[in-house]
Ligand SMILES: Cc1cc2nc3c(=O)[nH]c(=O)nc-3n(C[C@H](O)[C@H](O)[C@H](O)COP(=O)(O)OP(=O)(O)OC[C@H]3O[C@@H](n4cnc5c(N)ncnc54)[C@H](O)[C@@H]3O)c2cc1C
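Heads up, the chain below is alone and in the form predicted on its own; it's given as structure tokens.
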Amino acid sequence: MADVVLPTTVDELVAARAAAPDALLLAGGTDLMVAVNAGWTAPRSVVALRRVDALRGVRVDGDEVVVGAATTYRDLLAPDVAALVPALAQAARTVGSPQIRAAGTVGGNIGTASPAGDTLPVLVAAGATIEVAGADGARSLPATEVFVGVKRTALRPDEVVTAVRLPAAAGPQAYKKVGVRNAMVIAVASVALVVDTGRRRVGLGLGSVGPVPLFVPDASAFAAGAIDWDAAAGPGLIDPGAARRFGEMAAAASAPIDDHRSTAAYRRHAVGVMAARALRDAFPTAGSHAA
């Protein structure tokens, strides 16, 4: 039977982590218990996060939204939260069943670092930062630098994720995913689009088409340059040809594999279609605007 440590503060959590760097962190358990039940891991020591109240909740800090690491997917669906981070809420809505969404957490999604993690393309698209705490203190890392390989992060062994900071919605956002069915499914491919109309910024993130969630800087910059931000109606205007090109750039940036869920060719095609569709959904095309 594993030893279980139950910290109630972040300081106690960090101390527990430092004392046992090999201990597994248990938040919602939606990933860990699958591994335990399948016999893939047999932890000798577990640090449970449920009693650390400081890790829970969502708050606004200036023009940023701070999401505690132990915030559940269900918490992200609250209307006031979803209005602040729509793409994150859309991603949370696609995760598993209601029971899974009530248990699974944003921090757990980050810690598992699966390329298919639903919230992760949103974080890289939004330019989020990940706050962590460890024996040497707290620090923040850009989400694009946190994920370094399949189920591997840049966190040190003694560090834990405490929160995520991302800009409050200042323009259209979208999360799209395809799977082998419409619900309760791991993404075969996913796309996140986050637009800041004030800063005239577009962020594109891709999931399940590489070893890590991918930020696509070239396509993001291309879209920002192709949008007519000064169009009289709506958030801006996009040429249909530019939307198609955006999708092609998304597909070209992907690095998918063939596996039991899909083929690399389908995944590459899917992210191209979803990226172009997300941009068209976010901005009226020239033809539709004229109509």
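The model shown is predicted, which means the values in this text are computed figures rather than measured ones. Note that residue numbering begins at 1 and tracks the sequence as displayed.
Omitted here: the form predicted in complex with the named molecule. The next part is about that form.
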>> Just to be sure I understand the contacts: of L166, A219, V161, V212, which is the one whose heavy atoms reach within 4.5 angstroms of the named molecule in the model of the complex?
In response: V161
> Heavy atom within 4.5 Å of the named molecule in the model of the complex: which of G96, P86, G179, G171?
Replying inline: G96
> For the chain shown here without its partner, which stretch in 198 to 206, 141 to 149, 105 to 113, 77 to 85 has non-hydrogen atoms within 4.5 angstroms of the named molecule in the model of the complex?
Replying inline: 105 to 113
> Going by a heavy atom distance of 4.5 Å, is E64 a contact of the named molecule in the model of the complex?
Replying inline: no
> Would L25 count as touching the named molecule in the model of the complex under a 4.5 Å heavy atom rule?
Replying inline: yes
> Counting only non-hydrogen atoms and a 4.5 angstroms cut-off, does A223 reach the named molecule in the model of the complex?
Replying inline: no
> Does the named molecule get within 4.5 angstroms of any non-hydrogen atom of A54 in the model of the complex?
Replying inline: no
> Hey, which residues along 36 to 54 are within 4.5 angstroms of the named molecule in the model of the complex, non-hydrogen atoms only?
Replying inline: L49
